[in-house]
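For this one, two forms of the same chain are given in C-alpha cells, first as structure 1 and then as structure 2.
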Structure 1
Amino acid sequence: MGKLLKNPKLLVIAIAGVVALLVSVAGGALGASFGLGQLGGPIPFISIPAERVAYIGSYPLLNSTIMFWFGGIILLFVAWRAGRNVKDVPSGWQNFMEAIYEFFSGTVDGVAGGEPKSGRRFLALVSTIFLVVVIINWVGILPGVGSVGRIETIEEWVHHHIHDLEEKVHEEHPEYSDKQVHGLALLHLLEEHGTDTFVAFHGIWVPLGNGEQKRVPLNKIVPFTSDELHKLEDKIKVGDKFNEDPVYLRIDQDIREGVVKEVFVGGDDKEYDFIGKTAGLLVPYLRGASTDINTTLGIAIVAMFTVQIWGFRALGVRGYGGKFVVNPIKQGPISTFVGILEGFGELTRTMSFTFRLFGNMFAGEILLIAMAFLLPLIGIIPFMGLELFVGVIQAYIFAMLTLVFGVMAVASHGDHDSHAEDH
C-alpha cells in the first residue's frame, strides 16, 4: 500500500480501476435494482441453431459458415506464408508453423509408441483439427461477432412461429379453410407468446442500458385484450368474413408495422415509453462457427470416420471389423454383445466430440453476453481471456482424443484393454 502511494502512476491506475469497477457495478444489473443500470447490454435472443443471414440462390448462408471460412482464410494465409518458401533456417511464419508442427509431431509419436515417425499417419489430421478448431474458436469471440446484425421484425417473427401453430390447428380442424386456419393460429400465437419480450431498437442501435428490464412485451407492440381475442375467435370459427373485422385488421396492421404502441412496465417496475420505436430481435451477421452444432458434428464425423479408416488399414477388414462383429457361436454371445457395444462406442464418441466442443463454446458465448449484462464494460475482460484459454483447451482435447482413438484403433486386439475415457 505504501508503495502504491509513493508511485503516482500506480496510484492513478489503481484509482481508475476502482472507478471503472464502481461504474460497471452501478451501470450493470446490480445498479439496475437501484434505479441506475444505464450501461447494461441487452440479453439477445439466444438461438441454438445458427441463423440464416443471406441466400445464395436457394442455399441459405448461415452466419456460422461465414465465420468458419473467415477463420479458414486466416489459417490458409498463415499456412501459405509458412509453406511457400521453406528454408532450412526458418524465419517468420515458417518458424511459427514449424513450432506447432514439431510440437504435434512429438506428441503424436509419443502417444503412438515413442518411435520417431511412428505417429506420422495421424499427424496431418490431428494438427489440422487443432488448428481449425482453435482458429474458429478464437475468431468467434472477436468483438462484433454476435452483436452486429439484422433486425428481425415482428412480421418476420410471426411468420417463423405461426407455421407450427397452423399445422396444429389444421390437424384439429381439417374442415377450416386456409384463411381460417391462419387466423386461429395467429390468435393462438398472440395468446401463447403475448408476454414474450422484444428489443426496442433506437434506429439501428440498442443503446447501452436497454437491458433485460427494458424489453418490450409483445402485447405492447400488438395490443389486444383477451375479450377481443375471444370475440374474434368466435367470428373466425363461423366463416371467412372475419378479415373485415376492425380488431383483426388492427392486429394485422400492428404486426406489419412492428413498432411499440403502448407504454409498458419494465422488469424493474418502472414505466418505459418507447412508443414508435421498432421492436424486434437481433439476428447476428456473424456467429462463432464452433457455436453451431453442424460444424462440430462435421469435424467429429471426419475425425471418427478417419479413425475407422486407420483401423481398417492397420488391421485389415477382418482384423478391425472383428472388433465389432463377433461370431456368437465361436466366441460366445457375450463377445458378440461387447462387439455391438464397441460399435455404439464409436457413435457415442462422435456425439461426445460434437457436444463437448459445441457446449463449451456456446456456453462461453452466453457467459460473455451475461457478463456484458451483469458487469458492463469491464466484466467481459477476464472472461475474454478465459474464452481464449478454453478455445485452445477444447481444440487440444479434440485433437488429442482423435489421436488417442486413432492409436487405439490401430492397436491389435491383445493390447486393447486400457480405454482412454472422454472428459
Structure 2
Amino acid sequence: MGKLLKNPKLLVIAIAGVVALLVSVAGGALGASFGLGQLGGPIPFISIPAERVAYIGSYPLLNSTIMFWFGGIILLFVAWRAGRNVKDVPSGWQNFMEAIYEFFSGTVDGVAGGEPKSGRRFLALVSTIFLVVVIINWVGILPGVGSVGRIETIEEWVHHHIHDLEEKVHEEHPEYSDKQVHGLALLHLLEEHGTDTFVAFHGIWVPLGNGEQKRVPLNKIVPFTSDELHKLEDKIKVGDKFNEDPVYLRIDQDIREGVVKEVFVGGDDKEYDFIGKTAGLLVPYLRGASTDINTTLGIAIVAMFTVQIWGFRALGVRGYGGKFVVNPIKQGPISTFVGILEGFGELTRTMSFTFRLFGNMFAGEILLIAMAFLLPLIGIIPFMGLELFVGVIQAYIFAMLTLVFGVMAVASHGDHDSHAEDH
C-alpha cells in the first residue's frame, strides 16, 4: 500500500480500475436491479445451429461460414508472408512458421517411435489441423462477432416456429385444409408464446440501457385477447371464411409489420412506451466457426478418414480391415464382437472429436455473452484472455489426438516389421 501511495502512476491506474469496475457493475445487469443499468443491452439470440445471413445464388451463407473463410484468408496471408522471401537465417513470419513446423516435426517423430522422420506421414495433417482450429477459435472472439447483425423480424420468427405446430395440428385433424391447419397453428403459437419477449430496435440500433428488463412481450406486438382467439378457433374449425375475419386480418397485419403496438410493463415492473419501434431478435452476421457443430464435425471427419487411409496404406486391406471384419467360423464369436466394437470405436472417436471442440467453444461463447451482460465494460476482458488460451489448448488436443489415432492405426505394421527382422 505504501508503494502504491508513493507511485502516482500506479495510484492513478488503481483508481481508474476501481472506477471502471464500479461503472461496469452499475451499468450492467447487476445495476439494473437497483434502477441503473444504463450500459446494459439485451442478450443476443443464441442458437445452436448457425444462422443464415444471406444467399449467394441458391447457396445459404451462414454466419459461421463467414468466419471460417476469414480464418482461412488469414492463414493464407501468413503462409504467403512466410514463404514470399525465404532466407537461410529466418526472421519475422518465416521464423514463426518454421518454429511451428519444427515443434510438430519433433512431436510427430517422438510419438511415432522416436526415430528421425518416422512420423512425417502425419506431419501435414496434424500441423494443418492445429493451425486451422486455433485460427478459427481466435477470430471467433474478435470485437463485433456475435454483437453486430441483422434483425430477425416477428414475421420470420413466426415462420420458423409455426412449422412444428402445423404438423401437430395436421396429425390431430387430417381432415382440415392447409389454410385451416395454418390458422389453428398460428392461434396455438400466439397462446403458447404470447409472453415471449423481443428486443425493441430504434432503427437498426439497440440503445445502451435497453437490457433484458426492457424486452417487449409478443402480445404487445401482436395484441389479442383469449376471447378473440377462442372465437377465431371456432370459425377455423367450421371453415367459415375465417381468413376474412377482422381479428384474423389484424393479427396477420401486426405480424407482418412487427412493431410494438401497446405500452408494456418490463421485467423491472416499470412501464415502457416503445410504440412504433421495430421488434425482433438480433441475428449476428458473424459467429465463431468452431461454435458451429458442422465445422467441428467436418474437421473430425477429415481427421478420422485420413486415419483410416494411413491404416490401409500401412497394413493393406486385409491387414487393417481384418480388425473390423472377422470370420466368425475361424476366429470365433468373441473376435467377431471385438471387430464390431473396433468399427463402433472409430465412429465414437469421430463424435468425440466433434463434440469436444464444439462444446468447449460454444460454452466459451455463452460465457463471454454472459459476462458482457453482467459487466459491460470490463467483465469480458479477462475471459477473452482465457478464451485465447482455451483456443490454443483445444487446437493442440485435437491435433494430438489425430496423431495418436494415426499412430495406433499403423502400429501393427511396425510390429510386423520388427517380428520379420527377428526371424
Partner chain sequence: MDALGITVQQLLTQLVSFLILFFLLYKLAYGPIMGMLDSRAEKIKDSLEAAETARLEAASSAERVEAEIAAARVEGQKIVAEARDAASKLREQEQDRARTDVELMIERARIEIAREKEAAVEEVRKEFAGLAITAAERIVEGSLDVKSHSSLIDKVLEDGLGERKN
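The term rigid core refers to the maximal set of C-alpha atoms that superpose within 1.5 Å between the two forms. Throughout, residue numbering runs from 1 along the sequence of structure 1. Being a predicted model, the structure only gives us computed values, none of them experimental.
Asker: Give me a 1 or a 2 for the form predicted in complex with its partner chain.
Answerer: Form predicted in complex with its partner chain: structure 1.
Asker: Would the C-alpha of residue 347 be classed as shifted by 2 Å or more between structure 1 and structure 2 after rigid-core alignment?
Answerer: Moves: no, less than 2 Å.
Asker: Can you give the CA shift of residue 85 between structure 1 and structure 2, in Å, with the two forms fit on their core?
Answerer: So the C-alpha of this residue moves 3.3 Å.
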